[in-house]
Structure formats: structure tokens, C-alpha cells
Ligand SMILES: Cc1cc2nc3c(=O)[nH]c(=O)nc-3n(C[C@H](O)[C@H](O)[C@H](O)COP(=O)(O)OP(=O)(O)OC[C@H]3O[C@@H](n4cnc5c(N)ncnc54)[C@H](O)[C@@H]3O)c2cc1C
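We begin with a single chain expressed as C-alpha cells, specifically the form predicted alone.
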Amino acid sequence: MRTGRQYWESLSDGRAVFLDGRRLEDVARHEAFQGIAQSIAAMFDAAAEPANGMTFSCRETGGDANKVFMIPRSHEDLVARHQAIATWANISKGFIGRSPDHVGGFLAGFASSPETFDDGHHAFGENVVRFYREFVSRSLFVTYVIIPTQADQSTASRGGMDERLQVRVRKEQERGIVVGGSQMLGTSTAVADYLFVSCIKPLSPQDEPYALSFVVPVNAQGMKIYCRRPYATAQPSRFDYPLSTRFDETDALVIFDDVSVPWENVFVYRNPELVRRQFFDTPAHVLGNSQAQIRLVAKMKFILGVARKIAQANNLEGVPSVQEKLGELASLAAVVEGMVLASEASCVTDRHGVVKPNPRFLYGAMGLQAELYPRALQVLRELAGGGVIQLPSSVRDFSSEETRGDMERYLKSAPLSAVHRVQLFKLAWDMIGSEFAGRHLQYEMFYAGAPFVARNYAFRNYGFEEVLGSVEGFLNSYSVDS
């Protein structure tokens, strides 16, 4: 099992990460990425610790592997996978959205159905299986870029452009392909090992040059990673911004400037229909998104815990209106958790013997995500009130002889010392008011695409035969002559 130190050291591989107009020399030690790199390293250490029970004997590799990367073949496997994913999610309290187990779920789904990738022209199924084995054996961190940039529209030659900006084939060679273009929202790309590149948006038959699916190392020659402004930099301390400084998985625009991809790393080539089928004709989309919902459970529970703690700190737990707010938060958290558990309890087995969560309940939770998370933050805001605004400028106010006395006298509450009360409200602010908080609100609202996209998943996967049959049966039970 890969250790945190091994992961940390692997980041010094010459990857082209750009920030503030310059290329970084050492990503792992830069203040923008040090916190998230340490947090991911802690995940790998947790998986390598035998007491955590995160390993299993992987039949695809013949060796031990991390349960989060498992291809589940029984309900027991699904439960074990859930527990392992939850162990990782609790390290960040759900605030690392693109941890290694997310895309790991997609890769497991791909590898469980290799014949899907054999389209009659190319037999890429063996590539999928080979990379999955390497991924599992080495405990790699793979993230993805699967949507074009917003500046790139759905038709070519728009706005005077000769071709779209989306990643495309530039030329085909004996050893592989050369790609160029860009893809957006490369969350955690700067601290990952490999990047999975494809397109989850619908493509037309005319889009063959863009209809690709491949993996590429993050340090590939010609690949450039342009990061958004990081939230971990220039913060006064971890005490003041406990989430921003540890879990900022900086998003990035990824540019491919004639990047060579060997054939063995290609999964789909110039096939728009297969680009879609790789996600939905295999368990990939379900397994990847079940990880995301398990992570969201940890996040919702943490929000609930902070809200209850704030009510205790302000001696308001006995107030009926406060209890009502806490009850609403508890309901929101229970809805997400209940849907995840229901999806696993009513799991389905596909034609390959892969046991996956029931899409009816999984996509039901995803369809509500854009409403549940913002509402949870709003309730937390209401409970915190002005307490998250009237806070010391930094932890230094507690160390200065001139200011410490005032802090300790005027900021304490009956249950908490001033330091612990400020610590709690600083945490709440980093959840609802900081730039990190704003990014997470946007991330959860558009995690599965626009909200209508997530609801369309719920529409397509509910299974309306049952409810339509119920209505038809009732209508047939009476008539105009009754």
C-alpha cells in the first residue's frame, strides 16, 4: 500500500503548474498546495494502516488493494467499500470533493465492462483493464477533466475560431495520438498523479476529433496546469481558516499543447457514441457518484455538528425556534444518508456480476443536492448570526499582551472559553463566508453539472413503470358507469 510520504515525494516530478504568471518549482511545498497535499497524504497513510481495515485481496491484481477502488461483486463488498470511502471522507469532513476514490469509482466501472471499449475498429478494453490494474496496484491519484471550457461553444468556427478549444486529436502516429486544446475544472490536477480526459457532454457524429477518452500523467510533456487563485495562501493561521488551509483542492484550466498519448493509454478514439456509453453502459457513473454522495453525507453531518455546537455555545438549545432549525438540518443530513443507504440496501447486479447502488435512490439524492447543500448553509448562517462576523482579526489577538485580556473577558461564553468559542466560529465562517466556502457552495450546486442535468439523471433512472402501473390500476378500478 502506498504511504503518504511516497505520495508526497511523487509530486516532485517536473509537472508544469502555473500560478500568478510563473511556473512553480515545488508544488508539494508551495503554500497553495502544501495543505491539500498533506491531507491527501494522510488519506494514503490511513489506507495503509492495518487497523483501519481498508485493504482487501483484489482479484484483478492478485494482491492487496484499497477498498475504495474495489469493483463490488456482493452487497458485502458494497458495504465494505462504503465504510472505506467514509473513512477517507471523514479526514476532510467531506471538504475534499475530488479525492482519489472519486475517479477511482469510474475506473472500476470501466474495468468491469472491458468489452464496452471494443468498438469493432479498436480493441481498447485491454487498455482499460491494464490501467485499472496499475492504478490499483500503485494506489494512484487520478482526477479528471471531462467538460470543455465555458468559452468553448458547441459548434466550430464560432466567434472567428478555426476550431473549438476542446481537447481534440491533432495527429495520429504509429505509437499513439497527439492531442491539443483545453479542458476545464481540473480539480486537484496540480496534486494528482494522472489525469483522465474525456467529455461527458453530448457529442454529435460530427464531433469525432473531440470524441476521446484517455489517461495521461500529470507531468506529461506539453501539459500545462493553470490554477485559479488558491485560498490557502496568505491566511494568518490554520486556527483562523481551518478548512481553507488544509483542504483547498485548487481547480485548474488544463492546456494540452501537442501532448503525446501512447495507444495503451487510449480508451476511446474518435467515437462520439462510445464516449457517452463508457459512463452509462458501464457501472462507472453510478460507482463514481456513490463515492460523491458518501462524501456528502460526511459533510452534511459535519455542518449539523457545527450548528449544534454553536447553539450550545450560545446557550440556545432550549429555544424552540433554534430546535426547529437544528431539526431541519438533521432532516437534510438524514435525507442524504438515507438515500445512500437505500441505494445500497436495494442494490442491483449487472450482467457482469457487478453489484452497484440502486440508481433510483442514488440519483434521487443527486437531484436534490443543488438545493440541500445551500439550504444547510443558510440554516447554519441563521444559527450563527453575527457571531461569525464579530471575531478577532487573527489568532495573534490571543498571544498579544495588549489584547489577550480583552479577548478572554469579552468573547467567552458559559460553556466555552474565549479561545474555543472563537475557534468554533472561525470554523463556521470558513464553512459559510470565506472564499473557500463560496467555492464549495458553487461546487456542490454544480457538482453533477447544471441542476437540471442532475434531475434528468433522476428522471431517467427512477423506473416509472411502478408508479404508472399504480395509477393505471387505480383508474381501471372505476369508470363512468361506477
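When you see a residue number, it is the position in the sequence shown, counting from 1. Just so it is clear, the structure is predicted and the values come from calculations on it, not from any experiment.
The same protein also has a form predicted in complex with the named molecule, omitted here; what follows describes it.
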| query | finding |
| --- | --- |
| Which of 449 to 457, 25 to 33, 42 to 50, 57 to 65 lines the interface with the named molecule in the predicted complex (heavy atom within 4.5 Å) | 449 to 457 |
| Touches the named molecule in the predicted complex: residue 186 (any heavy atom, 4.5 Å) | yes |
| Contact flag, residue 442 vs the named molecule in the predicted complex, heavy atom cut 4.5 Å | yes |
| Contact test in the predicted complex: residue 144 vs the named molecule, heavy atoms, 4.5 Å | yes |
| is_contact(residue 399, the named molecule) in the predicted complex, heavy atom dist at most 4.5 Å | no |
| Residue (of 201, 412, 75, 404) lying close to the named molecule in the predicted complex, criterion heavy atoms within 4.5 Å | 201 |
| In the predicted complex, the residue from 270, 98, 299, 309 that sits within 4.5 Å of the named molecule by heavy atoms | 98 |
| Residues within 4.5 Å of the named molecule in the predicted complex, restricted to 247 to 285 and counted by heavy atom | 251 |
